[in-house]
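Two forms of the same protein chain are encoded below as structure tokens; each is given separately, as structure 1 and structure 2.
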Structure 1
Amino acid sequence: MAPEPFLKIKIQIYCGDEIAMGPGKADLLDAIMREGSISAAGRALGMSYRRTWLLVDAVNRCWDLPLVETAAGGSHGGGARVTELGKSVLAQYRAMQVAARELEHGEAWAALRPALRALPKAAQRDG
């Protein structure tokens, strides 16, 4: 049995060639808020230490102010926190994701879906 056609919308906000915010970066900000550290957030998401820090660096370079602030380790421990701007950006991004998901129930998708094949043809000339 062929799968049903589906609509997938992935929102990515660009700053030049960099992705300033996307699904993975939003999930990382959520994890930093939950875990209190960039390293722990990366582990919780199954990301490498390096990948996690690269993502944080990218978001911090793309916005007027940092979205994540870090505190050095030491006797009092380190950690990270999502800034007020970071929380605001995350909330607005999540709202955009909700709005995009609502498109699945909209008129445009309802009009397109009947003409969409469940699976692509092997070749254009196939009937």
Structure 2
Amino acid sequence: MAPEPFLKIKIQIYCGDEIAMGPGKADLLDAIMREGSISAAGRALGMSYRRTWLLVDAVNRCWDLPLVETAAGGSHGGGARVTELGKSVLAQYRAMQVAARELEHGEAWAALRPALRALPKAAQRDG
């Protein structure tokens, strides 16, 4: 079966040059809520501990209050939890994603869709 063409809509919230919230960071907050620690959340998402920690740090620096709090126990120990602000930011971000997906039911996409191929034609040879 041929795949369907699709719309991808990426929402990023910028704070200076830093991304305060985006698809990867939202998934990370979800994973921390599920897993209860930054290291377990990173493992679940296939990221290094260092990268996971840098994402958490970036998020926490962008908002008035931290979105993720770590328990005592050294840099790799202890658990982590998503704060009330974190849960609220995540919910609003997910709401924006849902609202953006309304474009899939809009006139523009309905107009474009019939002219789109399911798969691209073969590439031309580079002259």
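Just so we're on the same page, rigid core means the largest C-alpha set that superposes within 1.5 Å between forms. Bear in mind the structure is a predicted one, so any value in this text is a computation, not a measurement. Each residue is numbered by where it sits in the sequence of structure 1, with counting from 1.
By the stated condition, namely the form predicted alone, the first structure is the one that fits. Superposition on the rigid core between structure 1 and structure 2 places the CA atom of Arg117 2 Å or more away from its counterpart. Core fit done between structure 1 and structure 2; CA of Ala108 shifted by 3.2 Å.
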